[in-house]
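Given next, in structure tokens, is a single chain: the form predicted alone.
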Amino acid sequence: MATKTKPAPDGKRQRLSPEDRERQIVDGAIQFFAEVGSGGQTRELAQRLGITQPLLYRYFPAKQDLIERVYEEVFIGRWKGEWEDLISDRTKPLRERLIAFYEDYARDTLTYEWIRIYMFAGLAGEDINRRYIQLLEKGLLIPVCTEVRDAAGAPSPTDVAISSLEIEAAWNIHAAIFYYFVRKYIYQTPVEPDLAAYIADTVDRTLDGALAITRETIAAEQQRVVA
């Protein structure tokens, strides 16, 4: 969690380089929006940082500019391209790949700031959530569906398009991990202390169901063709 920036002891504004000042504002904004949502006023943010509002606007002329920078830092900046390679690496069992992905994703992405900003943005109708969901569908959900197809011996998406129900099945795995952190950071209720064990258990319960349903669907389709 980012730390609050306090004014200098003598009450004067700290002299920072432009790069350090911008970093101070962005880090402060991440914590601020995580606490109060994007509806928080830039005047209050400036006060917390110990700077003037005009100085803040010198770096970010409009509040939306600052929100966009926070989105880039917290959401886009934490997404790793190698995760997509990990999901599609068929030299390892799919279960192993999903567990490795979610352990890394949970550690690097699903932080206090990420979860709270994401939830606040959704309630405020911000575009952040829709854009991130598009990223998830392209970079995670569709690849997971593709790998479930392969593990179940089903036709590839190039032969038969992935259905909306398959996408929902991939969401079930993701949503279970996501909701663990919602309970932890939003509701502040007890969660399983062994996160690695929780992730493995969740993947086992949801992946097994997805594979079973996919195999049943294949068998039903084959019977229909024969009949």
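In this text, the rigid core denotes the largest set of C-alpha atoms whose superposition between the two forms falls within 1.5 Å. Note that residue numbering follows the sequence shown and begins at 1. Everything numeric in this text was worked out from a predicted model, so none of it was measured.
Just so you know, the form predicted together with a further copy of the same chain exists too; it's not on screen, but the next bit is about it.
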Looking at 80-88, 153-161, 126-134, 67-75, which lies within 4.5 angstroms of a further copy of the same chain in the model of the complex, counting heavy atoms?
126-134
Quick one: does residue 93 come within 4.5 Å of a further copy of the same chain in the model of the complex, counting heavy atoms only?
no
Residue 46, heavy atom within 4.5 angstroms of a further copy of the same chain in the model of the complex:
no
May I ask you to state whether residue 189 is within 4.5 Å of a further copy of the same chain in the model of the complex, using heavy atom distances?
yes
Although the partner isn't part of this model, could you tell me whether residue 202 comes within 4.5 Å of a further copy of the same chain in the model of the complex, counting any heavy atom of the residue?
yes
Thinking of 171, 183 and 210 as the candidate spot, does a further copy of the same chain come within 4.5 Å of a heavy atom on all of them in the model of the complex?
yes
For the stretch 19-39, I need every residue with any heavy atom inside 4.5 Å of a further copy of the same chain in the model of the complex, listed N to C.
35
Could you check, with the core superposed, whether the Cα atom of residue 216 shifts 2 Å or more between this form and the one not shown?
yes
Could you check, with the core superposed, whether the Cα atom of residue 190 shifts 2 Å or more between this form and the one not shown?
no
